[in-house]
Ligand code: C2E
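Presented below, as structure tokens, is a lone chain in the form predicted on its own.
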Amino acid sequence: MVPALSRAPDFLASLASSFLDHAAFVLVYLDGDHRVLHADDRIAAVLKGGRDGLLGRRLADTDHPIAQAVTRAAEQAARTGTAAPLDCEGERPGVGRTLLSGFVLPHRGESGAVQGFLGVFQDVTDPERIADFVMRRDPFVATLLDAAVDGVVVSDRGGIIRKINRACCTLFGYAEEELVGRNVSVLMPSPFSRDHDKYIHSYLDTGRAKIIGIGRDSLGKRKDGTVFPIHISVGQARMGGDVTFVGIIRDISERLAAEQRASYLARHDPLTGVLTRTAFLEECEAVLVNHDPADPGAGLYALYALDVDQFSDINEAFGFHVGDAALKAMVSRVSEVLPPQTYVCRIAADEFAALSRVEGAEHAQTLADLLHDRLTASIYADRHWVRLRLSIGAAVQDAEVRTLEELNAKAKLALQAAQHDGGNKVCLYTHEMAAAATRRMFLTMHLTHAIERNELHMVYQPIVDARSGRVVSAEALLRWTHHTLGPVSPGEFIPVAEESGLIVPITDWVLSTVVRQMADWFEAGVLPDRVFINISGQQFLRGNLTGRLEELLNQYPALHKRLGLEITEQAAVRDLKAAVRTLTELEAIDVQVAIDDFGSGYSSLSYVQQLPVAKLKIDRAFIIDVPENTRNNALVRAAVGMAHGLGLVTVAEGVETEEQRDFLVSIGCDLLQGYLFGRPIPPDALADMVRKQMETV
């Protein structure tokens, strides 16, 4: 059995003397009134007085932060009856700032009453203890650090980790005990880990900081070796001659991913993944600047301008999801056909451009043809088969072309030429296209003022009964005689009017002019049964056509059931629902409608039977070589039979020979129109024709 520690007075006095004078701790003892009964040399030095000067004095009377802190701790110990923690700072002569950490313990007598207070402190000014003191001197601060989302690392001047919070452990995949005591470079990949100590020593020697007080992006390394992006901010705390570094670390992987995604979207189309127009211009300009077309070994560049004709039809028929899928499939096919290192961009909803290296104009034409064949082949898009109509304009770099802007201008001209020629084809730029574009611009400018200059006029072509040859109706045709150019072909100025939007006011002028002319004919008794006016797709689908005609016809009640309109197949089916609505409205006001150029476009019973029309006009392309062409004979015969099956009247356009007339009469065609019966003529000439016809009855 181990004997108990002796409680003999002389033994305890000897033990107390040894403890008080030679302990490694800083000690002070206060009686119940807070008078100093013992103070070692270290506490006396901190309080800037000798030991003898302290003994017997109330510590609260000493004007020093450590004295005041010990007094408050003693008061707390008296209230609670337990040890009161104490952390405080002071100046130590010859040393500078010193840090004391410990507690004040109440001393109880045999009765249990508090007789005094023993203060036990440890000098933590040692650099190895500074970081630990900073972190634990305020329990609330320590709690905050562990609750922080960002990682916090506290290291000493040598880079040794003294404290690390919970978030930092999670971020780097370590337990706290695995990091405390190790160099902070363990959290860095090479070369940062290799150079860290050099940076620290350089800063301590020169005071020139590369990161202190300056947050920056860097890299961190986890326990498993994974390297990831971080943002690190480093602060410092100086205590005496020593430095503690506090680093705040944030994982910026998600931020960088978001920035990269934003940067990608700024330069790439989100649907197809190809370049945006701005990015395309930047990339291609850089390529062309460094390319010399005169170098025979360098090759040339070709720019392709692609435009999907009537792409809205696909969206309206199947939905936008099918249209989007078709565009993505189209871009994929572009990459399959064109050479590697081709730059592709999306300019608008259904417009694209591509810059490719080619050997010359012939190679560029071959690629354009292959591209058109591939892109117009059937595409399976989101459970639907669709076929795209595509116009392609191409221009090849030459010695005159140095910039992308010049090359693009030529490709756009080629694209316009393809579209003016009906679309769905390939066109390679020629010098004549520039002259044609200049003329179109000239015509557009002058067509704007054609009405006010009184340059427009109407002519009328007779339509006759196939069997009797009598004039039963007429087609009103617009003509333009420019004051300097002279007569301009309708085949030239009508497309210009449609592209520029001038067709709308021009058509309104045509409607007013023709209705007034019909009123004059009616008064003279020479008005044919019907007069037909050609209506553009834009005017037909605008929604106010019926209202405008009703307004005009109400001025001349006698003209009801005498006016007719002609619309092309293309206009009729561009928006089938709107077309049916408009045709129904026109039928309600007794305006008869004929499908013009039947057979040249869609030619499908599936839509013809849905349209409330009265006549089908068979396109002149099928009439021109009958009856010699047996294939066309069959097509015309089928068209007439189909129309009669639907209860429609048939009109054959472009009849120029008696053989054509005889064939059409033999297959039952109802009405005929063409040079055989009369060219387009002025209003008075048509009136004379009708008048003479009436006189022969």
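Residue numbers here begin at 1 and follow the sequence given. Given the structure is predicted, the values throughout are model-derived calculations rather than measurements.
In what follows, reference is made to the form predicted in complex with the named molecule, a form of this protein that is not presented.
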**Report entry** Ile503, Ala411, Leu616, Leu338 - the one with a heavy atom within 4.5 Å of the named molecule in the model of the complex
**Finding:** Ile503
Query raised in the report: Tell me, which of Asp313, Asp324, Asp597, Asp150 has a heavy atom within 4.5 angstroms of the named molecule in the model of the complex?
Result: Asp597
Requested in this report: Specify the contacting stretch among 580-588, 378-386, 250-258, 478-486, defined as having any heavy atom within 4.5 Å of the named molecule in the model of the complex.
Outcome: 478-486
Query - the named molecule in the model of the complex: contacted by all of Asp508, Thr546 and Ala572, heavy atom 4.5 Å - result: no
Query raised in the report: Does the 4.5 Å heavy atom contact test between Glu656 and the named molecule in the model of the complex come out positive?
Result: yes
Query raised in the report: Does at least one non-hydrogen atom of Pro683 fall within 4.5 angstroms of the named molecule in the model of the complex?
Result: no
Query raised in the report: Is there any non-hydrogen atom of Ile494 lying within 4.5 Å of the named molecule in the model of the complex?
Result: yes
Query raised in the report: Can Leu171 be called a contact residue for the named molecule in the model of the complex at 4.5 Å between heavy atoms?
Result: no
Query raised in the report: Is any part of 552-575 within 4.5 angstroms of the named molecule in the model of the complex by a non-hydrogen atom, and which residues would that be?
Result: Glu566
